[in-house]
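Below you will find one chain, with nothing else, as structure tokens; this is the form predicted on its own, and questions on how it binds or moves follow later.
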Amino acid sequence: MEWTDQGIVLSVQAHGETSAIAEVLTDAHGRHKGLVRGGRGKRIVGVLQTGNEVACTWRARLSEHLGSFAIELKDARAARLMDNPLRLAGLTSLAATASMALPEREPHPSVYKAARAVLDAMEMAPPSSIAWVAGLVRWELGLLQELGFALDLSSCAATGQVDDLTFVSPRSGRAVNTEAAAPYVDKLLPLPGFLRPGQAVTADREQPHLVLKDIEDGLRLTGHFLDRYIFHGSNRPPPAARARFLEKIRRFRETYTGNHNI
């Protein structure tokens, strides 16, 4: 069996003395692993970096075999993100989440395309901007939807109204407006403004901490449902890389000095 596809390197594990097992999120073949012969050598080790875009050909005698990859570098994105610790942490979080959440060898082209868009936004944003994190939150929402666990943030679960949506039920994943949420605020999850219908992340020069809190709340919101429906549901802990990224965002908010573009 043989196929050729494009993809994003998610992870690499050493295999034997000279080879490696690469895990790639591909466009048409989903999350897929394969043996890369000589994958620990100087020629190929720079290609097999998390976040790099590659062209890969997979071959195996039978479909259920691990198979082998022939991999060619298309875009050395990882090298361009390594100098920014927050972006590198975001990249690692996305890769670890995709690796743990997506079933192996099951095509999810929309997840792949959205992941590319997030990484593009990461790169194109000004060096001091963190607005790209909102795109990562939306990618996680899309991942939940793709796997059958969509959140309904379009109207209030209690009243059906579409205005003043400020919270989310941690059980149903549905939005709740301020009035209906009042008796249960301590039990609900904040709904960040940029996830409300028709809203986006916008800089607030008067109250930048509120924008940063929105971004942190977004990561906590998606994290809750990823844990509930995917990680804990399969008796696995959430990715450590995602927890580290959330902690970096929290620290960034606490130490924000105003020298960054939100």
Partner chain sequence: MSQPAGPEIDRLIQLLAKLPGLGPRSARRAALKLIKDRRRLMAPLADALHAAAESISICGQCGNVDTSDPCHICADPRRDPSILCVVEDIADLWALERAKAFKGRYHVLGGVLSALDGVGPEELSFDALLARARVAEVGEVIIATSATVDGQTTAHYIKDRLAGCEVTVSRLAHGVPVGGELDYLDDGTLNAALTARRKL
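Positions refer to the first chain, counted from 1. The shown structure was predicted, so the numbers you read here are calculated from the model rather than taken from an experiment.
The protein also exists as the form predicted in complex with the partner chain; that form is not presented, and the subsequent description refers to it.
Enquirer: Exactly one of Ala158, Val162, Ala76, Val185 has a non-hydrogen atom within 4.5 Å of the partner chain in the model of the complex; which residue is it?
Expert: None of the others qualify; the residue that does is Ala76.
Enquirer: Let me know the one among Ser99, Ser129, Thr166, Ser169 whose heavy atoms come within 4.5 Å of the partner chain in the model of the complex, would you?
Expert: Exactly one listed residue reaches within 4.5 Å, namely Ser99.
Enquirer: 174-182, 147-155, 103-111, 82-90: which one contacts the partner chain in the model of the complex at 4.5 Å, heavy atom to heavy atom?
Expert: Heavy atoms within 4.5 Å of the partner chain in the model of the complex occur in 82-90.
Enquirer: When the contact criterion is heavy atoms within 4.5 Å, does Leu246 count as touching the partner chain in the model of the complex?
Expert: Leu246: no, not in contact with the partner chain in the model of the complex.
Enquirer: Taking any heavy atom pair closer than or equal to 4.5 Å as contact, tell me whether Glu17 reaches the partner chain in the model of the complex.
Expert: Heavy-atom contact with the partner chain at 4.5 Å: present for Glu17.
Enquirer: Taking the shortest heavy atom distance, is Ala241 within 4.5 Å of the partner chain in the model of the complex?
Expert: So Ala241 counts as contacting the partner chain.
Enquirer: Given that the partner is absent here, does Arg253 sit within 4.5 Å of the partner chain in the model of the complex, heavy atoms only?
Expert: No, Arg253 sits far enough from the partner chain in the model of the complex that none of its heavy atoms falls within 4.5 Å.
Enquirer: Could you list the residues in 43-63 that come within 4.5 Å of the partner chain in the model of the complex, counting only heavy atoms and keeping sequence order?
Expert: If the 4.5 Å heavy-atom criterion is applied to the partner chain in the model of the complex, 43-63 yields Gln49, Thr50.
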